[in-house]
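Shown below, as structure tokens, is a lone chain in the form predicted alone; questions about how it binds or moves come after it.
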Amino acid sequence: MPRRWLQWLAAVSMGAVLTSPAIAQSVVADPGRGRELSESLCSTCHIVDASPGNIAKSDISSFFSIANRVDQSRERLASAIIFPHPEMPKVSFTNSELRDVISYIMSLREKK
């Protein structure tokens, strides 16, 4: 299948998982746990804290900058994690861990 199709399918699937009223009521994402997972699994390449000025590598976005992209959404993050770009290692998260990491990243959005 073409990569675009797989990304679309992942986004739709995760959209259903992340926004389903039944799931939203029964499963609460834990941004604190998401930060712990991010620090242990993602901090080799990304700055994972809330500091907008920190830069790990000039070509690798911090979680703060990722969260504050104009078009950012939970579904877009899920797709990027499930189908990472070639340089990003594939990390296998459980659904709960994925929700937690996404919740943590989205918690870094600036309130406007």
Ligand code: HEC
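Everything numeric here is computed off the predicted structure, so don't read it as measured data. In this text, residue numbers run from 1 along the sequence as written.
Although it is not shown, the form predicted in complex with this ligand is what the next lines describe.
Not displayed here, this ligand is approached by I81 to within 4.5 Å at the level of heavy atoms in the predicted complex.
Taking the partner from elsewhere, I60 is found to have a heavy atom lying within 4.5 Å of this ligand in the predicted complex.
The closest heavy atom approach of A50 to this ligand in the predicted complex falls outside 4.5 Å. A residue is said to contact a partner when one of its heavy atoms sits within 4.5 Å of a partner heavy atom; I66 meets this definition for this ligand in the predicted complex. In the predicted complex, the residues of 29-46 lying within 4.5 Å of this ligand by at least one heavy atom are, in order, L41, C42, T44, C45, H46.
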